[in-house]
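Let's start with one chain on its own, the form predicted alone, as structure tokens.
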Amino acid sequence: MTTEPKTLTVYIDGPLNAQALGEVQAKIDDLDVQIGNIVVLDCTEMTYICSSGLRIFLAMHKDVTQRGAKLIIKGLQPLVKEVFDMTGFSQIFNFE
């Protein structure tokens, strides 16, 4: 018997700047990530990301993969995607 992987979704909206970092970190910390889970960061409504936000994404990627789960970033706006491309983060993450 096989079970489908559980999908955990975190919605990030508005700018991911210094003021929003604590809220986003709390959402991430509340996740119960297990082996085989798929964690989706839905960034459809995220309008900006600062360098500290990029570090949160990177730390989450490391944590999720160490737990045997998969991280997917969904719906990046073109200007935010440009930041990921310029910093080389596009080569690290899986996007939808």
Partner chain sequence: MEKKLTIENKLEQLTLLSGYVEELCEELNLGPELVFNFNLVLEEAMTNVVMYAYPEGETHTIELTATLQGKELVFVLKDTGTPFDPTQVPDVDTTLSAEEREIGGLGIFLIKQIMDRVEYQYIDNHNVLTMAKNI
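Numbering follows the first chain given and starts at 1. None of the values given here were measured: they were computed from a predicted structure.
The form predicted together with its partner chain is left out here; the points below concern that form.
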item: 4.5 Å heavy atom contact, residue 10 to its partner chain in the model of the complex; value: no
item: Non-hydrogen atom contact residue 55 with its partner chain in the model of the complex at 4.5 angstroms; value: yes
item: Residue 47: touches its partner chain in the model of the complex, heavy atom cutoff 4.5 angstroms; value: yes
item: Residue 62: touches its partner chain in the model of the complex, heavy atom cutoff 4.5 angstroms; value: yes
item: 19, 82 and 86 all contacting its partner chain in the model of the complex, non-hydrogen atom within 4.5 Å; value: yes
item: Neighbours of its partner chain in the model of the complex among 27-42 [non-hydrogen atom within 4.5 angstroms]; value: none
